[in-house]
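Take a look at this one chain, the form predicted on its own, written out in structure tokens.
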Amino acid sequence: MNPEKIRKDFPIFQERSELSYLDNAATTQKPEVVTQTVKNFYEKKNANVGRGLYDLSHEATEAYREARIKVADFINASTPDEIVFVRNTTEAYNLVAESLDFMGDIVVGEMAHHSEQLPLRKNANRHGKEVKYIETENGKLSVESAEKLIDHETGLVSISHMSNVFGAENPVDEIIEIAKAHNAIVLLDGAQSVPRMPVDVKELDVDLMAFSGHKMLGPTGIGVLYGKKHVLESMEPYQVGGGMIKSVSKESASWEDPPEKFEAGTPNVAGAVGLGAAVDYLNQLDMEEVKQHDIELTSKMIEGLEEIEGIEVLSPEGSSLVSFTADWAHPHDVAEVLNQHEVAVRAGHHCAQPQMEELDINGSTRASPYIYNTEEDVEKFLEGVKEAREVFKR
């Protein structure tokens, strides 16, 4: 990893050379190749896909198909037909909650992002199912808690591969094994993991997985629902309309096969093509090195924070981001002082209010590095936190 060299690929760091951007768990910056790919599509290949009999439409359709292939290869899906393009992880979860027919109760992580748990809770309320929560232990999902909760009455287990609060890789292999032993469907939230570590859906043996393009250098408004072919085939479409039908009469309609069955209307073709370019960029790197780079920078931040009086670090060792609280200031105040140093972090409950309630805190400050962050960013961050303490301890 050479973050100094990587930064040169990102126009925002040329425009804002002093910016230390440490809010990558929320969204990542975009390399020029991604923005230029989107621009090039609109300028040279723009047409609706799958519907035109002219060359330009064929070119747009091919670009869209190639993007699906790239994403499938990136997570080692068996076929591109297992990749459904959606707007983001949130839409993917809503699609599953509305379309997947399953018997039994739902088990989710206590740390689950609102976008992970709320669609499933809506499903449970509609069908009279119980929602059970896997406890968090030292910043990770508790395998012991999962063993107690997942049983023959469980229909769906949804787990975060990596929490956006704690940043640690969860013991998903063990929890998936428990779920499979009880014939439960497994849905994985890969929003934080897919951008920053190798993810192999075959090796994990998940039935469904969701992630967002904007968290992995891609455009906003494009995301992915991966599903095993037979699982997607068993699901009803979430939305209906043009582009996802085989035939329509006044009395009936029949749907296309997946993934088209779930992509009603004109899709975000430029977004998908941009995501394909982001995948190409990440493929030039070693995803294991990306993972280690994030962990190393986070470890330096944790080490520095632990030397500052009044700081409590929430993230365990080996995390890819750090969340912390300060007994001398609200998380928002810490973030504002950092902002004055041109250090961008996130503060609040990180869309995980039930987890915050369990921790008995009103939120945390979170710093999340990525491929273009340097040790200098870490030093600026720590200096900013130290100054915040001086400001609020007066």
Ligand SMILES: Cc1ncc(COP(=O)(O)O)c(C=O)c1O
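Counting begins at 1, following the sequence as shown. The structure presented is a predicted model; accordingly, all values stated were derived computationally and were not measured.
Another form exists, predicted in complex with this ligand; not displayed. Remarks below refer to it.
Check your understanding: Candidate spot Ala25, Met162 and Ala191, all three in 4.5 Å heavy atom range of this ligand in the predicted bound form?
Key -> Heavy-atom distance to this ligand in the predicted bound form: all three under 4.5 Å.
Review point. Would Asn170 count as touching this ligand in the predicted bound form under a 4.5 Å heavy atom rule?
Key: The answer is no: Asn170 has no heavy atom within 4.5 Å of this ligand.
Point to revise | Partner contact for Thr298 in the predicted bound form: this ligand, 4.5 angstroms, heavy atom | key: So Thr298 does not count as contacting this ligand.
Review point. Do Ser99 and this ligand come within 4.5 Å of each other in the predicted bound form, heavy atoms counted?
Key: Ser99: no, not in contact with this ligand in the predicted bound form.
Practice item. Decide whether Ser212 counts as a contact residue for this ligand in the predicted bound form under a heavy atom distance cut-off of 4.5 Å. Key: Yes - in the predicted bound form, heavy atoms of Ser212 and this ligand come within 4.5 Å of each other.
Check your understanding: Which one, 143-151, 191-199, 175-183, 261-269, holds residues whose non-hydrogen atoms are within 4.5 Å of this ligand in the predicted bound form?
Key -> The contacting stretch here is 191-199.
Check your understanding: Ok, Asn123, Thr89, Ser319, Thr136: which has a heavy atom sitting within 4.5 Å of this ligand in the predicted bound form?
Key -> None of the other options qualify; the answer is Thr89.
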